[in-house]
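In C-alpha cells, one chain follows: the form predicted alone.
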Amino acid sequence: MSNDIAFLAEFADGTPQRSALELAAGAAQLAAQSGGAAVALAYGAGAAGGAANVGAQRAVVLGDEDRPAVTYAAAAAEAARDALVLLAPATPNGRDIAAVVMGRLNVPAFGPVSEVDLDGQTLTAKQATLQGSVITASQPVDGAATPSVVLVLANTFTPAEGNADTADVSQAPAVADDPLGTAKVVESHAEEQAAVNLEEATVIVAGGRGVGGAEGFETLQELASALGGAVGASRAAADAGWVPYQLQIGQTGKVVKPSLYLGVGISGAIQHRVGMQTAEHVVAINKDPDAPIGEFADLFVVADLFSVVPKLTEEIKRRKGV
C-alpha cells in the first residue's frame, strides 16, 4: 500500500469535467497530509490528451473513448489497488465506478461526504445521516483493506486556479476479467442544460408547491439567469409535472452544495432539506411565516414570491447593468 490519493477524472470532448478539477484539488490536499501523490484516473472522450494537465502529479489513462463509465470500472479498481484513498464524484458515473471498485477490491466506502480529512493514514469522512438531522464522522475499522472509496459531493473542494502542474502519464493495462467491459449505450436522451449543471451550480433558485405551476418556474428561471445560476425544485413541484425530475432536489432527488440557495415557495420539509442543507448560504421566500425552511435559512423573507422575485430580478439586472 502507498500513501497516494487516487481520484476519478472524467473527460468529455477532451475537457475535464468540473468534478475532476474539484477532486484534483481535494486529492492534492489529502496527499499533502498523507505524504503521497495525487493520482488521476482519467477516462472518457479525449482523456489521453488532457490527463497530464488535470492537476495531478501522476495520471493513469483508463481509456479515452466515449462509452459507459462502468466499462472503465475494472481498470479503475486495478489502478487504485495500492492507493490509500480513492475519491469519486457523487454523480451517476462516479457512483457506478465506485460501486465496482468497492466490490472487486472488497474495500470500505463512505459518502456522499461534504468533508474528508486525513491524520497520517487515518481517514475521517463526514456526511449527513438520519435524513440530514445528524452529521456523522466515520473512519475505516482497524485492519480494513485499502483504498477507502469516498463519494464526494459537488463543491466540497475548490478547483485550483492556474494549475500548471504536468503529470507523468501512463496507460492502464487491459483487464481480462471484466464482465462489464462490453456494456454499451443503446439509447440516450439529452437533459436540459440547467439540469445537467444543477449539481455543480454555485447558485440555485429552487421552487416548490408555492410557485403554483410551470408558469411560475419561468419567473424563477429569470432570476436564476440574472444570478448566473440554475433552477431546482422540490419533489412536490416535480410530481406535479411543473418541471422535469432531473431538477428535483432532496432525499429522492439530487444532493447539491451551492454557495447560495434560494428556496422560493418551498416549505423546507426534512426530505428536501437533506438535499441542500450543505449550502453555504440559504435564503427563503415564503408567505407562510411558520414554514420549516425559516428555521435554518440565513435570511427568511415572509412575502408573496410573485411580488418579491420579479423586483429582485430587476434589481440584480440593474446592478449588473443588464
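None of these values were measured; they are calculated from a predicted model. Residue numbers here begin at 1 and follow the sequence given. C-alpha atoms forming the largest set that superposes within 1.5 Å between two forms make up the rigid core.
Just so it is clear, the following notes concern the form predicted together with a small molecule, a form of the same protein that is not shown.
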Pick from Thr136, Ser170, Thr252, Thr124: which residue has any heavy atom within 4.5 angstroms of the small molecule in the predicted complex?
Thr252
Selected contact from Ala279, Val39, Val54, Ala291, since only one has a non-hydrogen atom within 4.5 angstroms of the small molecule in the predicted complex:
Ala291
Would you mind picking out the stretch of 56-64, 271-279, 42-50, 24-32 that comes within 4.5 angstroms of the small molecule in the predicted complex, counting non-hydrogen atoms?
271-279
Consider Leu227 of the chain shown here, and say whether it contacts the small molecule in the predicted complex, taking contact as heavy atoms within 4.5 Å.
no
Any of the heavy atoms of Asn155 lying within 4.5 Å of the small molecule in the predicted complex?
no
Partner contact for Arg209 in the predicted complex: the small molecule, 4.5 angstroms, heavy atom:
yes
At the 4.5 Å heavy atom threshold, is Leu299 in contact with the small molecule in the predicted complex?
no
Does Ile270 move its CA by 2 angstroms or more between the shown form and the other one when the core is aligned?
yes
Core-aligned, does Pro310 move its Cα 2 Å or more between the shown form and the other one?
yes
Is Ser34 one of the residues whose Cα moves 2 Å or more between the shown form and the other one, with the core superposed?
no
